[in-house]
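There is one chain below, alone, in structure tokens, taken in the form predicted alone.
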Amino acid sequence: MAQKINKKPAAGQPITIGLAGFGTVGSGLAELLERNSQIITERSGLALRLKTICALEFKNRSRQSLSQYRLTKDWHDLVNDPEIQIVVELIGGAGIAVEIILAALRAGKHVVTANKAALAAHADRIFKTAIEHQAEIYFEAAVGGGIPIIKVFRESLVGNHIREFYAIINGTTNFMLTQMVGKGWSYEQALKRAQELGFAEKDPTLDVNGSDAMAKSGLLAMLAFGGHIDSKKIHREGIESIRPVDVAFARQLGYKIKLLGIAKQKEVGKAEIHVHPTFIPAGSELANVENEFNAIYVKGDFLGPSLYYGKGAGSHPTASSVVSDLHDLGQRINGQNRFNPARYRFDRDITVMPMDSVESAFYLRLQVQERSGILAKVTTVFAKHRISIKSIVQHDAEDPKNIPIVFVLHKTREKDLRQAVATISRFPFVREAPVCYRIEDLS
């Protein structure tokens, strides 16, 4: 049985930390605490002491260079140590990491994590445990890497109703799209380069299919709208099918393609939340967020629009966010503020609107065989489904059997667009499956 410990240390006594996980971020955290301990103490009055590191392997550092720490393979050593006041979980995933988080909270220890997967899948359980044992869980590094967006939502915008946000929150896909837009690379070329530079994992599935951005968007929406989000109901699309022809048309039309997490509160307890490649104006601030950088564009009812920008991944930016949480918890331990259970109460369920009811402007590309009457037939279908055309782009093609026609459509219901596209795709002159992307003007 873990010994419950959540007491205020004597003046000048270090805040003692146990670390679970010593991969990229874990080793970065140790490096930051070693290198910048003096400036942390000067600025905060806190001495943050990393005592124990739990990991199966220590590939990033030699054991000799870690001689100042206690090294273990058993995470119970963190939870059972009465000296350790904060457990930092940097293992990731929704398996053993969840056990560590819950056990630490039950022991009265505060927790810092960068684990969006655990929070997305088990937020209710984790937050109820935090309230029951009056132990904090901070997770600044779970979204946006080094961007302090969780603190912004929890504290800086506490006086605002957050109406909507648009988030570039996956560095892998943003790096890839930057190359595809700027250099005309194919998806395959961009992915290969991202893997060579370490921005993409050997298995990049969770990044490129939008799963990572979906988990992060769910967390942000929970904080923004103040209710529980069922992440399984968030619509998700990845970037795997983006082709150079659509990147080129986007440029011609004045747009760039970004993988966005989008959330809009329609009324109390009801929101649309979705993740997908999106056409946004090329001159907008979000469109010019490039490479591995992240950005979150937020609209509050009193503040208005604001943009938060920075590196979204990597050992140093993420470690920076972890230390920010350690600082805040250190102040909490030293009695600077009291436990506030309201931070973890998301009793109201937020209904995630089905995509069929969501309205958006659209880009639609058809590959057709040249013949008379094509536009008349397509526009008749649009009229039947109450879809209005903003513009049409058609280029001469060397192959009359494979001509691209692009339609930019005014805002319409997703269900109507899907039904229209299903009808159009059955026309004999359509050579391949129509390609469709949503457009956000960010106004």
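We number the residues from 1 along the sequence you see. Quick caveat, the model's predicted, so the values are computed rather than measured. Between two forms, the rigid core is defined as the largest C-alpha subset superposing within 1.5 Å.
There is another form of this protein, the form predicted together with a further copy of the same chain, and it is not shown here; the text below is about that form.
Taken together, the three residues 123, 222 and 233 all come within 4.5 Å of a further copy of the same chain in the model of the complex, as judged by their closest heavy atom. For the chain shown alone, residue 320 is a contact residue for a further copy of the same chain in the model of the complex, at least one non-hydrogen atom being within 4.5 angstroms. Remark: residue 193 does not count among the residues lining a further copy of the same chain in the model of the complex, judged by a heavy atom distance of 4.5 Å or less.
Contact check for residue 376: no non-hydrogen atom falls within 4.5 Å of a further copy of the same chain in the model of the complex.
Contact check for residue 65: no non-hydrogen atom falls within 4.5 Å of a further copy of the same chain in the model of the complex. Scanning 201, 99, 285, 83 against a further copy of the same chain in the model of the complex with a 4.5 Å heavy atom cut-off leaves one residue, 285. Among 401, 61, 49, 418, the residue placing a heavy atom within 4.5 Å of a further copy of the same chain in the model of the complex is 418. Just one listed stretch, out of 203-211, 84-92, 69-77, 303-311, contacts a further copy of the same chain in the model of the complex at the 4.5 Å heavy atom level, and that stretch is 303-311.
Using a 4.5 Å cut-off on any heavy atom, the residues of 274-306 that reach a further copy of the same chain in the model of the complex are, in sequence order, 274, 276, 277, 278, 279, 280, 281, 284, 285, 286, 288, 289, 293, 297, 299, 301, 302, 303, 305, 306. Residue 398: CA moves 2 Å or more between this form and the one not shown after rigid-core fitting. Taking the rigid core as fixed, one finds a CA shift for residue 23 smaller than 2 Å between this form and the one not shown. The two forms, fitted on the rigid core, differ between this form and the one not shown by less than 2 Å at the CA of residue 52.
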